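One chain follows as structure tokens, the form predicted alone.
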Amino acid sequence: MTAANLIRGLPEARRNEAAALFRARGVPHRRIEDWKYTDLRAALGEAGVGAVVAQWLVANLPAGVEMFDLSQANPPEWVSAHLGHATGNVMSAASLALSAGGVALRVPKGMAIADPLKLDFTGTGHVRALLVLEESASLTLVESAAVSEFRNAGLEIVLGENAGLDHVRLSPADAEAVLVEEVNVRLAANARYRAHYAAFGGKLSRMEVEIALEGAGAQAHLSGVSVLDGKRHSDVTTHVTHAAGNTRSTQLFKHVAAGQARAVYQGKVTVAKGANGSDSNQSAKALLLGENAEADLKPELEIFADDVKCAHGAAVGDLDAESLFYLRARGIPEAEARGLLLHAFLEDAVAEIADTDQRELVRVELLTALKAIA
């Protein structure tokens, strides 16, 4: 693929850096620590990552949001300034080096967008996206990971001072799909990022989130649910860096796995030197509904500062037998009782979604998935 076919407006040095990183590391596999639970090389087989270009679709562009097609020439300054900085992740580097298309979106300073922005990635291959919220801007981003044989999407998000973004990502189930997405978020002082990732699994599904709290008062609140059966696989891997003091992050992830499904959560929090006053909390829990189901939960803390408040926890188990007996004793059929308990287990994570409409959308998908395994 020649340079003329690649994303325009991306400095050659950034593209070359991304290409060199991907060539050096190659497709991730289970012998790499960060990918030990999710073997992308095995899932792709001899086909590898290819160089096909995936597609993007903005279903509705709310008034006030500026959009630029990354395949076009002469990008505005805000695109050139921010696109392509997230190259440390190997699959993000692959999408940056191999993609010939994508979309950039901007919310200008001080603008509060009421209508949600709906962004879908479709087709097979690599695609990039950039979202910039300038100072005191706000937006709700709703993302759908439509089914594909293999897709690798790289999304960069830049939040200016006092900006606020609500992000909901819904990934439907497909037993043959290999879906990889990397989200890199940079937050200035007093910016807020609230995200919910709902995943129902595929042959391999991985959501990798890198967040840098770069200004005092910045906050990141992450939550997510997964409901898996068959041989479906879902992996959420996060890394939150408290680069500045008086920053806050929370993570709450709930998983239900049946059949031979596998749920993975890896959450790392790094508190940088001098980032005093940082506050972080991680919680990951999973219910296994069969002897062959698996959950791998690995929260981590890396602290280089004093005067911080950080906590993490993980738990894996089965449905509570006493609660199930209590419901059965009151005449509730077993399948319905199990469904109620599973819904209750997942509900506190779903309740983290601020937007009522998006919360109900996730609940509908959740209940449909639970009926299939309860």
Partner chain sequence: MLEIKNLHVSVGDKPILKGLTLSIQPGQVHAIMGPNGSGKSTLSYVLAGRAGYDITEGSITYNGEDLTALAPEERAAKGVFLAMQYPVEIPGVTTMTFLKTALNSQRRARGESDLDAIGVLKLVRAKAKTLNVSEEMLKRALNVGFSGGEKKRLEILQMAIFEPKLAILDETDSGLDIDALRLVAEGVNTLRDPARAMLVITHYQRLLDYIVPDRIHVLARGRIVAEGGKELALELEARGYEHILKDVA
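Positions refer to the first chain, counted from 1. These numbers come from a predicted model, not from an experiment.
There is another form of the same protein, the form predicted in complex with its partner chain; it is not shown, and what comes next is about it.
The single contact residue among V27, L57, L327, V52, judged by any heavy atom lying within 4.5 Å of its partner chain in the model of the complex, is L327. If you check its partner chain in the model of the complex, you find no heavy atom from any of A73, E77 and A81 within 4.5 Å. At a distance threshold of 4.5 angstroms between non-hydrogen atoms, A42 is out of contact with its partner chain in the model of the complex. The closest heavy atom approach of E347 to its partner chain in the model of the complex falls within 4.5 Å. Residue contact with its partner chain in the model of the complex: G48 places no heavy atom within 4.5 Å of it.
At the 4.5 Å threshold, heavy atoms of E334 reach its partner chain in the model of the complex.
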